[in-house]
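This document starts with one chain, in the form predicted alone, laid out as structure tokens.
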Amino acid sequence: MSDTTIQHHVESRDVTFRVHRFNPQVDSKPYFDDYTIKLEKGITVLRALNYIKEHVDSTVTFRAFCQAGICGSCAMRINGISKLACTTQVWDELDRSRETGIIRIEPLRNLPLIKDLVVEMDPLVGKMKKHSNWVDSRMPEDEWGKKEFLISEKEFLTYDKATDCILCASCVSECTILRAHQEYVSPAVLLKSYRMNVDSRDGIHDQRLAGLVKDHGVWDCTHCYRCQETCVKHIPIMDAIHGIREDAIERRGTKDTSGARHAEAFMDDIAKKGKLVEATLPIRTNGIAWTVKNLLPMAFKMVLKRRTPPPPPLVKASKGIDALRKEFREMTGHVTKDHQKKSGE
């Protein structure tokens, strides 16, 4: 048998990385530098950036550590979406690029910029401290270290996915509310708070919940799902946010905060007519005094432009409202049974 030689042909091409640059000591505003390098298929964005720093421009600054999708340090915006550079393949990003052969690299949003691709994490850490994102043990202090404080496997499964969070802040970067209000608690903090509040070993559940329902808290979430869609660990963050809201209504009632009142008014409208009665929603949520003070100027503008919502008597029920009401009652019944079951446990 004659010898045979197996040849491997590795696909390679020139790739341009358009990297965000900003050094506050010398730059008046951010700008972009282009770095074109030849890469083989199978290379991650982080390996490419490491090559640029080691062989092309040593001044490019970014964070990286484990290079295995565990520490979360290398989170950055790649082609407009927050991701981990160490788990993102260059070839995949080339298929998504708006400009052929160019991959755009930017720092995370909604956190203060330090330099180039490095952002300040202190605001997120500060919010975690404010909302006690740790288990405050119910076990008496004199028993610490003497025995294990165990939980059941069933209980652990309720927050198992939440423990996968590596605090990369990708969800923080993609949060639309944080772009408008930096005081917002953030999806990362809500996820951690949920994980602590459903842990039976925790002793400050009500205290933590009281902080989460205040202004810029859990009720400010607009359900855009950007946090969940971009989570690098595929954690159902919105399930955690819904869990906190349900917990707040169950323990504190529907009159406790404007967010809870808004949820109750929303559900009442859907149950009765299958659609929102927008004209009275602000009053039912925040009261007459707040509505007059904050929304009266906008109401006048809407009247002038003939864009006011119809008054309640003119809001007709949706088609098929009887079937909707039946489904609504069934859903409400299931939720009530679930709450009763949890209370029994």
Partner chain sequence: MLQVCTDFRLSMKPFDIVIVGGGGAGLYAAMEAMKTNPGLNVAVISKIYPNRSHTSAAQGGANAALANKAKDDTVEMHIFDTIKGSDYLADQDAVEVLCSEAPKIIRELDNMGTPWSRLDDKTIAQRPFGGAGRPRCCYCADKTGHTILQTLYEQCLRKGVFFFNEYFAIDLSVEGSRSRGLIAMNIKTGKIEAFPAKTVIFATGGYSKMYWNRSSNAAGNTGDGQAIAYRAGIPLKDMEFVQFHPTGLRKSGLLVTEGARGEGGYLVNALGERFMARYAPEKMELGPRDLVSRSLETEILEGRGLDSPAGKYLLLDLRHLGADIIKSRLPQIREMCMYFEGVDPIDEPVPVRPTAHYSMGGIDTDNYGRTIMEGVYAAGECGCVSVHGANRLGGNSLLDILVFGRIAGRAAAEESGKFNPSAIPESEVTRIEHDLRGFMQPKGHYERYGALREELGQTLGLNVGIFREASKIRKGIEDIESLTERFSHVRVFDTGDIYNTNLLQALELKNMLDLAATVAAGALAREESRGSHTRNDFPVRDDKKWHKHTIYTYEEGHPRIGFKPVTMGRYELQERTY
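What you see is a predicted model, and the numbers here were worked out from it, not measured in a lab. Numbering follows the first chain given and starts at 1.
Beyond the structure shown, there is the form predicted together with its partner chain, which is absent from this document and is the topic of what follows.
Quick one: does Y225 come within 4.5 Å of its partner chain in the predicted complex, counting heavy atoms only? No.
Taking its partner chain as it sits in the predicted complex, is Y35 near enough to touch it, meaning that at least one heavy atom pair lies within 4.5 angstroms? Contact check for Y35: no, nothing within 4.5 Å of its partner chain in the predicted complex.
Considering non-hydrogen atoms and a 4.5 Å limit, does its partner chain approach D247 in the predicted complex? Contact check for D247: no, nothing within 4.5 Å of its partner chain in the predicted complex.
4.5 angstroms heavy atom contact with its partner chain in the predicted complex for K214: Judged by the heavy-atom cut-off of 4.5 Å, K214 is well away from its partner chain in the predicted complex.
In the predicted complex, which of 177-185, 238-246, 214-222, 133-141 comes within 4.5 Å of its partner chain (heavy atoms)? After filtering at 4.5 Å, what remains is 133-141.
Using heavy atoms only and a 4.5 Å cut-off, determine which of T87, T254, T158, T230 is in contact with its partner chain in the predicted complex. Only one listed residue qualifies here, and that residue is T87.
Which of these residues, D95, D206, E120, E99, gets a heavy atom within 4.5 Å of its partner chain in the predicted complex? Looking at D95, D206, E120, E99 one by one, just E120 meets the 4.5 Å heavy-atom criterion.
Complete contact of S12, P30 and V198 with its partner chain in the predicted complex (any heavy atom, 4.5 Å): Heavy-atom distance to its partner chain in the predicted complex: none of the three under 4.5 Å.
Note that its partner chain is not shown here; using its position in the predicted complex, name the residues of 235-255 with a heavy atom within 4.5 Å of it, in sequence order. The stretch 235-255, when checked against its partner chain in the predicted complex, contributes no residue at the 4.5 Å heavy-atom cut-off.
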